[in-house]
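Shown here is one chain on its own, the form predicted on its own, set out as structure tokens.
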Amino acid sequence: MVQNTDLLIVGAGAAGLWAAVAAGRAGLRCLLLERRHRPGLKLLLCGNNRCNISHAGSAAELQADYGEPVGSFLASALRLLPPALLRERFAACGLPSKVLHDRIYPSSEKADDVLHCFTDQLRDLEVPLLLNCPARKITPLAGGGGFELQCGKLTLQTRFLLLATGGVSYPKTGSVGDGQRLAAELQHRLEPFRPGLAGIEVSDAWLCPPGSAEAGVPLVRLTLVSRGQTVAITEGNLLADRTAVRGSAFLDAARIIGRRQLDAYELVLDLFPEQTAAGLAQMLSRGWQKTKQAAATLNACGLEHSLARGLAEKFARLFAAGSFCPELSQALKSIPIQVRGIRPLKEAIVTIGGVSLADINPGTMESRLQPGLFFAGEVMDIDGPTGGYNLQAAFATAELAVSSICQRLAPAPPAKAAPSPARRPAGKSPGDKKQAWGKDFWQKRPR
């Protein structure tokens, strides 16, 4: 049994690793637990194994991009650890970064380097990492003196506990809902799980033809409409295969559908967002004059071959009529997408839902129901767009949680003695000696 531990962190994903390093640097006696055989399994998958660690911008800009209620909840965490400071922290540990299209990556563009950065720091700071150790049960100790955690055959005790177990997507990486279950057993409310940043299944044969290889468009615009009102407009790339459409524009739209729990919606696709209808008409006319073939004309305008062939069939009537302006160009900038559904939660990049934000103090990440219990990352009902937002939220909430715990553990400043009318002889009084011992004790406390 481990006693007198300052902090137990459950979950060695992005949030848990950051928290463990922060705790180690602060001198806390900390133990990091992970249910799988190695840490950071989902971290290795981020950004197509390139690990998009954050998004360029100020804390206020990112807060707006998260949308409500997530943005307001993350405000304190983002101010404490904005993207610029996050990059400085990684650089100081030997992991430089770079910005590509507002997305922040490690300079090597290798997720392995990010994980090694964390594990190297854990080693150097002598923070223990316990693997193959799923958390089973949390029991608050009498008198608010901390928690007892059952972990397999071990029983651990701690003054503070941080749940950083992630969401419930990609369960093979260890995200199976342990933290949400433990929180619910301690009377915390759970918001229903929904897929966020997931592929969208469509019925449009030109977009997802059976047996086709993956096709893509570098930049599209997608308008999400519900009950006649525009809900959101997303921009990014498009990636389509025979099962679903992905790419950042569609992933972000799926996240908004899940976050707002829309039950009736439509998607309208603009394949040429950088062109006006008139400009697109001129491009089509020039392409047609050179090729006299519909698919070749669309391919010359920048569309991948399989998409060009599918669209040529879809708009065969307009090509046959030679109606390049304005009807064909307008059609290509406003294509209704026939949505069948969103891909399953287990395939989603991020989980919407989890521990209710109403039960967590956004200024500290501490539970409002169980003092000493903290949360970080996707175990809570937080999620963000593609482009590094979700890792930024994981790191920032972990930083805030550990900072809050450190403030709780810090010794109170000694009370000032009341002035005495009698002048004391030179030298230290017993009170002075006691105060000096107290200061020296905290400077030398075990790390």
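No experiment lies behind these values; they were computed from the predicted model shown. Heads up: residue numbers just count along the shown sequence, starting at 1.
Below: the form predicted together with a small molecule, not depicted.
- Using a 4.5 angstroms heavy atom cutoff to the small molecule in the predicted complex, none of A20, D359 and F375 count as contacting.
- Per the 4.5 Å heavy atom criterion, the small molecule in the predicted complex is contacted by stretch 39-47, the sole one of 39-47, 22-30, 401-409, 56-64.
- Exactly one listed residue, out of A164, A240, M365, A254, brings a non-hydrogen atom to within 4.5 Å of the small molecule in the predicted complex: A164.
- In summary, among the residues T297, S175, S248, S329, the only one with a non-hydrogen atom within 4.5 Å of the small molecule in the predicted complex is S175.
- Residue contact check for E34: one or more of its heavy atoms lie within 4.5 Å of the small molecule in the predicted complex.
- Contact check for L86: every heavy atom lies farther than 4.5 Å from the small molecule in the predicted complex.
- In the predicted complex, the small molecule sits within 4.5 Å of a heavy atom of Y170.
- The small molecule is not shown here, and in the predicted complex it never comes within 4.5 Å of any heavy atom of A215.
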